[in-house]
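Next up is one chain by itself, shown in structure tokens, the form predicted alone.
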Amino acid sequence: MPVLLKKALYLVVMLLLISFISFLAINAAPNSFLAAGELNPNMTPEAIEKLKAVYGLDKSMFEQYIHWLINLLQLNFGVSFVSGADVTDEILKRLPITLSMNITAMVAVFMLSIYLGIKAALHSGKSFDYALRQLSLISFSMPSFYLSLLLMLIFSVTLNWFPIAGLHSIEPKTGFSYYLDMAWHLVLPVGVMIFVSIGSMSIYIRSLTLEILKSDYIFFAKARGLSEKIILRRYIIPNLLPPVITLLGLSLPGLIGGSVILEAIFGIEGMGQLFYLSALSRDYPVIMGILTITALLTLLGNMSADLILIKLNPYAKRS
């Protein structure tokens, strides 16, 4: 319980700090939500001031933050400047799509990287190891937006295998067909997320496995005549899990941040696309709401990784 309490307090403090820095950064950005109105010759200064009062932009930055923080404690992110809709409802409507994409990509990256990294280490210097290293270089250096456009051109435009954009087909579907159609639309964006992340993870696991294979306990395990499967299950994988789980927790922000670009390119109505459109229109309540939710998910992911590590290694509680 003390460990959980300490991590919960850390999460709250970090969330407040991140929200404050985000609020400062947003207000320090050039232009504002009313920039277009200020350039309109038909808008009088009095009208601009009235609009600022309506949106609360006439107050100081500190007063605006305190007002936003009070609303946050009531689980209220305010109202969108652009649509007038409740920000909390808008985020909750789009959050499941973004979460499903990121969780699917993370699980796939974890499973595939473990398999590829261990196999490459066990066959070090052979053709499979060489092929994985070359593929990892391509994966690490490939921009997600370029790969997205390339896959759309090949599989959507040329071959017509997958939909080019959106979450659903024009023809409405119901029941199981509805979710199957959605999954079919998400194949390309989730595939991009997996490919751009799997290279660095696989090479990292390969390097860790090579170090484990050089250890004394692996030497004595082989001397005892244990099979490769038993050595893999009892010695290699248990020693791989702690650093891999730590790396997954640290890579969560990158996956969530990458979904902003992918959702904008593939026209997916998720939280990333909402953030992109809100940033263009300077919709401050929506931007702050999404940044806060993203920060909370990232902190929860890191905290979960820490708790899993404590479960795997009880001695970590002492550190």
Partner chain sequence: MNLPRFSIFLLVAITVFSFFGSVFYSQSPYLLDKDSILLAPSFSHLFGTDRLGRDILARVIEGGKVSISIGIGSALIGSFIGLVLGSTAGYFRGKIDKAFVVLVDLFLTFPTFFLLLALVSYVNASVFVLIFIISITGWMTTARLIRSESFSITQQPFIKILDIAKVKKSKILLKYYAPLLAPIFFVSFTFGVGGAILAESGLSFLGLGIVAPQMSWGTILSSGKEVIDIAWWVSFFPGLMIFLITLSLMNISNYLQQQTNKKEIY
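Residue numbers count along the first chain shown, from 1. The term rigid core refers to the maximal set of C-alpha atoms that superpose within 1.5 Å between the two forms. None of the values given here were measured: they were computed from a predicted structure.
Below: the form predicted together with the partner chain, not depicted.
With the partner left out here, the partner chain still marks one of 196-204, 71-79, 108-116, 174-182 in the predicted complex; by a 4.5 Å heavy atom cut-off that stretch is 196-204. The closest non-hydrogen atom of Leu250 lies within 4.5 Å of the partner chain in the predicted complex. In the predicted complex, no heavy atom of Phe155 sits within 4.5 Å of the partner chain. The closest non-hydrogen atom of Ser136 lies within 4.5 Å of the partner chain in the predicted complex.
The partner chain is not drawn, but in the predicted complex it has no heavy atom within 4.5 Å of Ile268.
This chain is drawn without the partner chain; in the predicted complex, the residue among Pro238, Pro243, Pro143, Pro96 with a heavy atom within 4.5 Å of it is Pro143. Residues from 277-308 that approach the partner chain in the predicted complex with a non-hydrogen atom closer than or equal to 4.5 Å are Ala279, Leu280, Arg282, Tyr284, Ile287, Met288, Ile290, Leu291, Thr294, Ala295, Thr298, Leu299, in the order they occur in the chain. Ser304 is not among the residues whose C-alpha shifts by 2 Å or more between this form and the one not shown once the rigid core is aligned; its shift stays under 2 Å. Once you line up the core between this form and the one not shown, the Cα of Trp68 ends up 2 Å or more from where it was.
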